[in-house]
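Here's a solo chain for you in structure tokens, the form predicted on its own.
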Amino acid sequence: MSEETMAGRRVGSPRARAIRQTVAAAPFLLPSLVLFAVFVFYPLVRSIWLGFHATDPFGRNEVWVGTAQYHDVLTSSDFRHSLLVSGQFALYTVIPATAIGLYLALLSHRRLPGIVIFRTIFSSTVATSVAVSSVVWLLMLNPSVGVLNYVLGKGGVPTESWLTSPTWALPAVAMTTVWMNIGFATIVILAGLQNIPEELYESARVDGAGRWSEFLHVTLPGLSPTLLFVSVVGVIFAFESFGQIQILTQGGPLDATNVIVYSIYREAFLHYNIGLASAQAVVLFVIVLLLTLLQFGVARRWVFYQ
């Protein structure tokens, strides 16, 4: 075999093609890599670094303390309380938002005149900012002039001070968050419904399946990857919630709504303990990562990829 032939084979080898493709893609990936490095990777590394250091209120004069602050976080009763509140908040928001989004997506998927208008209405909350949504619900939940208490009073149901009651404050904030997340869940699940082949429904009808059987044996299996995505993103959103907590309750009353992110905010910007707040942020990152891996692990039993 001649040297020219061998050189041609080396140039055309899979490894050589992969290298050429990587070099060609590098200029296009560079802007995204720079943004990720500046706004994701550097803050993450910096938070880990600060977690090993005690700092002054200005984040300077870093003193190495090792794993002491991480130990303080993991053994702190306040942190465990915030973790419990965050877990409850995730349960209150992820399951209802996914269920309501699924119902609205099923309604929107019907071929009816003017259905586009209803799709727009159902998904409109995705375009509303956290601040605007929180202020709207702050007025609706007002114990004196709020619409919710007015409707309950007309129906003979006892009213509540929703945002100042230790019992009802977290469900009230969760209700606000569910309303904000419905639009996202509806859009994503509707897109998943549109990707299910119509032939599957036709085959089910030929076999005599009714609407409920179609839903259980065609729609749900076809939507399983989409529902997994919505649930994973919903859990991440729940554990990262801050804006509605700050506007509606400020972590109260009696720390009833003091989720982990708000606890980090108070530790960093009210108590000026940057190192301990960074340690909490790193622990939160690990918790969310483990929860995500757990969801993917459990989902192997019921998620069906086409």
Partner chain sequence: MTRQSAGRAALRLLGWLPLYALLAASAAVVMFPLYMTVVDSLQPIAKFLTFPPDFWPHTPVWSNYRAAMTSIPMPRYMANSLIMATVITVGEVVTAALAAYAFSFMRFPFRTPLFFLFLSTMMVPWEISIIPNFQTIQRLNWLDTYQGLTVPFLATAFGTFLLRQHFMSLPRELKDAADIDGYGDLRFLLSVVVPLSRAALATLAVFAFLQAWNQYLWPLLVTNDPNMRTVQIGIASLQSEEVQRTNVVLAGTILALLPMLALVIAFQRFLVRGLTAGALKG
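Heads up, when I say rigid core I mean the largest set of C-alphas that superpose within 1.5 Å between the two forms. Positions refer to the first chain, counted from 1. Model, not experiment: these values are computed from the prediction.
Omitted here: the form predicted in complex with its partner chain. The next part is about that form.
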Interface stretch in the predicted bound form with its partner chain - options 165-173, 138-146, 87-95, 74-82, non-hydrogen atom within 4.5 Å: 138-146
is_contact(residue 268, its partner chain) in the predicted bound form, heavy atom dist at most 4.5 Å: yes
is_contact(residue 43, its partner chain) in the predicted bound form, heavy atom dist at most 4.5 Å: yes
Contact label in the predicted bound form: residue 38 to its partner chain, heavy atom within 4.5 Å: yes
Non-hydrogen atom contact residue 231 with its partner chain in the predicted bound form at 4.5 angstroms: no
Output flag, 65, 67 and 259 jointly within 4.5 Å of its partner chain in the predicted bound form, heavy atom basis: no
Heavy atom within 4.5 Å of its partner chain in the predicted bound form - qualifying residues of 113-144: 113, 115, 116, 118, 119, 120, 121, 122, 123, 124, 125, 126, 127, 128, 129, 130, 131, 132, 135, 136, 137, 138, 139, 140, 144
Flag for residue 25, CA shift 2 Å or larger between this form and the one not shown after aligning core: yes
